[in-house]
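Okay, here we've got a single chain as structure tokens, the form predicted alone, with questions on binding and movement later.
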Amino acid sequence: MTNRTSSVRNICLLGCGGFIGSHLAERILADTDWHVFGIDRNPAKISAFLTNPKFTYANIDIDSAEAVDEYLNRSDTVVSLVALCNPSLYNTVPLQVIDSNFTRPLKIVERCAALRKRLVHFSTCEVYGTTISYRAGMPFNSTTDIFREESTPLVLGPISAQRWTYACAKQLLERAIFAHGKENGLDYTIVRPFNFIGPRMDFLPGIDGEGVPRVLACFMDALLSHKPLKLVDGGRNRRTFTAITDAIDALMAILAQPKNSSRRIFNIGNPANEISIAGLAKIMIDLYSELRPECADVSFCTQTVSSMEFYGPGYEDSDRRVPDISLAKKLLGWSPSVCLTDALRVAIGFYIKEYSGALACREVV
């Protein structure tokens, strides 16, 4: 893709050093002549881009208003990936979650409105909360429980279930963005990702991070360490997983088609890749054994744990998240194409290559 179909010339990428940000920066630099002003406090995942003449890196905090304004002013499009998105934190540090996902990024929204900059904001599929049928104690309804951007109610749990702080903060920020569009003329696009997976996602505890990562990294940590894969409440909840390459295709279409994506909200996910977390564990065990034949004699297993045991008090989950992606198909000409097995094979291969040596050293120590 080139910039011949859009007015993009300079992009300010907030959160360029994260999982999605690093992949988006990589694609932009490879496929366009756009210049990227990347802002992040950790350049580890973007070290390969630091010498690229089309990439300017700034190690600054988004709260540094004057410093950030320098790059906002030099850009025509702002992509905001600033967030704290780890389910293990939602009910353990809820004030930090609210601050990181609403209070602080709201300032970026306000600056984009004041400076008349186009904003591409990353929200989350978690704003949908739980399915209506689940809340009513009924079976999943494929007619009413598929999530649609413009009509699905956003149903969250009770205040005492602090797990919903993340979804609530993200939803409120979406409402603020919508209001700035109505009242202050902000040109925006909101992206609701559905479980993007791929290389450079998350961390492994004790190696390059601490705490509990998301499910893919949790399962990879267990596989690489020959430990049981823990299934929260039996792994019965279901998710739709999306290959990061498909996701980046959608994001590039959004960037290149400002008219079609202006003041729109898009679900970006792959409904064909829906699976239970227990089913995900089984596929990952099979693929790991395939990619590491030297572990053929290792017997991998799963272990059921309660959500209270795994996450602590105040945790609650959504049972199923299935996106309607017809709007992205219609307005962006985008459809996902990577099946779950192929997406997982790439991700698992990355973890094996990246972490096997570090784990071996940890075992020796």
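Just so it is clear, the structure is predicted and the values come from calculations on it, not from any experiment. Note that residue numbering begins at 1 and tracks the sequence as displayed.
Note that the form predicted in complex with a small molecule isn't included here; everything after this is about it.
Enquirer: Checking a candidate spot here: are Arg118, Glu174 and Leu255 all in contact with the small molecule in the predicted bound form (at least one heavy atom each within 4.5 Å)?
Expert: Not one of the three qualifies.
Enquirer: Can you work out whether Met284 and the small molecule are in contact in the predicted bound form, taking contact to mean some heavy atom pair no more than 4.5 Å apart?
Expert: No.
Enquirer: Report whether the minimum heavy atom distance between Thr92 and the small molecule in the predicted bound form is within 4.5 Å.
Expert: No, no contact at 4.5 Å.
Enquirer: Can any non-hydrogen atom of Asp221 be found within 4.5 angstroms of the small molecule in the predicted bound form?
Expert: Judged by the heavy-atom cut-off of 4.5 Å, Asp221 is well away from the small molecule in the predicted bound form.
Enquirer: Using heavy atoms and a 4.5 Å limit, would one call Phe49 a contact residue for the small molecule in the predicted bound form?
Expert: Phe49: no contact with the small molecule in the predicted bound form.
Enquirer: Within 4.5 Å of the small molecule in the predicted bound form, counting heavy atoms only, one of 257 to 265, 69 to 77, 158 to 166, 174 to 182 shows up; tell me which.
Expert: Contact criterion met by 158 to 166 only.
Enquirer: Can you pick out, from Asn270, Thr189, Thr130, Thr124, the residue that has a heavy atom within 4.5 Å of the small molecule in the predicted bound form?
Expert: That would be Thr124.
Enquirer: So which of Pro205, Gly279, Pro199, Pro87 reaches within 4.5 angstroms of the small molecule in the predicted bound form, heavy atom to heavy atom?
Expert: The residue in contact is Pro87.
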